[in-house]
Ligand code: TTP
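Below you will find one chain, with nothing else, as structure tokens; this is the form predicted alone, and questions on how it binds or moves follow later.
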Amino acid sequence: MLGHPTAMRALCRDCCEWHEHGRDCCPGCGSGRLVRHAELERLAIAHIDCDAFYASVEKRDRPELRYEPLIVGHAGGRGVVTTACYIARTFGVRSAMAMFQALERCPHATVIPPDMAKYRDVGLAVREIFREATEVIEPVSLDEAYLDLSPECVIEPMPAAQALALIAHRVESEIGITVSIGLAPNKLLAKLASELQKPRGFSVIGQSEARAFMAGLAVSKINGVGPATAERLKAAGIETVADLQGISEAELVGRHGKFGRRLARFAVGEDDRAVTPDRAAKSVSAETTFRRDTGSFEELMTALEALVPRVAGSLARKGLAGSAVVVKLKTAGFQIVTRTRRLANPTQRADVLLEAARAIVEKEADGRLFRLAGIGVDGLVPAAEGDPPDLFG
């Protein structure tokens, strides 16, 4: 955590109480997990990230693996690591790594295939705890979200830091996994703060130290700077945020257009993006990677047939219907082929989605080998606008 004067009021992360003292442990419960910061009681924007989410859920359900390296993912030649626990990470295992490489680095790891239905249930349970603290939540993924804990947003009147300590305590005691928290004046800094002390972290970045904190980062840590943008900046001699801070906003806008203005603001820790709850989904999809490349129409359709219920179920849960079916295929040479077929009426019916996909696959199964297949829908509308009863009885 940034900022650490011992004389200011401290928040205990275990009993969630404030204390007026300068000691290194809580006088109430004896915990040494105290949070201090000059701006602690004024900050209100948070980013919460579940620690090694899938692996943590599996360890919760299999206590015998608590102190063992655990990898969640599909074993086999084409398998990749979905999540690795922190013990496995000490051996160099990381998400998206090929499974064979992960097991070369950590051959004694236990590998468990992902159980997405279970993780979804746990993620929603965590989100319900968030909802009991604030009305303004912006989910980023199943296991992370931004929260606005401003006085006008919180359910119970208390400083944001205290509400966050209570959230972390409840997630750990009621759900059995842990979270890391970043508290800051804006989303950019909150996200960066949540990454500082994982697992079970609670880090604070205040506005007063934002510029200095940002200066020490690589430009790739800035939201929106992907590998391609980072390479362009590097070619221009810009590798750190400190380099960016030395360039005027006008020059950055001249080089990078509208994004240059955002770069200039982010470089000094400024971010005016609001926490926007319940962002509307633009598409729903599912995909699978084959154990061996295939060009068979029958095998491609079998794969899509297994995926369609997941897409239809997601539409039903969200109260949506799709106006178009999208089939995604990745060739053995890693070329991505995406084809879309408009529907006569929006739908959430699995059989309708599958028939539209069949027409696409019939054209694309021309002898090429594919390593991945996926199906999704876009043009989402409320479910009430889909599947007219006169068509389906």
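Since we're looking at a predicted model, the values are computed, not measured. When you see a residue number, it is the position in the sequence shown, counting from 1.
Note that the form predicted in complex with thymidine-5'-triphosphate (TTP) isn't included here; everything after this is about it.
Figure note: of the listed segments 60-68, 43-51, 334-342, 361-369, the one touching thymidine-5'-triphosphate (TTP) in the predicted bound form, with heavy atoms no more than 4.5 Å away, is 43-51.
Interface residue among Thr294, Thr110, Ser323, Thr82, judged by heavy atoms within 4.5 Å of thymidine-5'-triphosphate (TTP) in the predicted bound form: Thr82.
Screening Phe100, Tyr86, Phe91, Phe259 for any heavy atom within 4.5 Å of thymidine-5'-triphosphate (TTP) in the predicted bound form leaves a single hit, Tyr86. Proximity to thymidine-5'-triphosphate (TTP) in the predicted bound form holds for all of Ala96, Asp143 and Lys198, with the criterion being a heavy atom within 4.5 Å. Along 107-125, not one residue places a heavy atom within 4.5 Å of thymidine-5'-triphosphate (TTP) in the predicted bound form.
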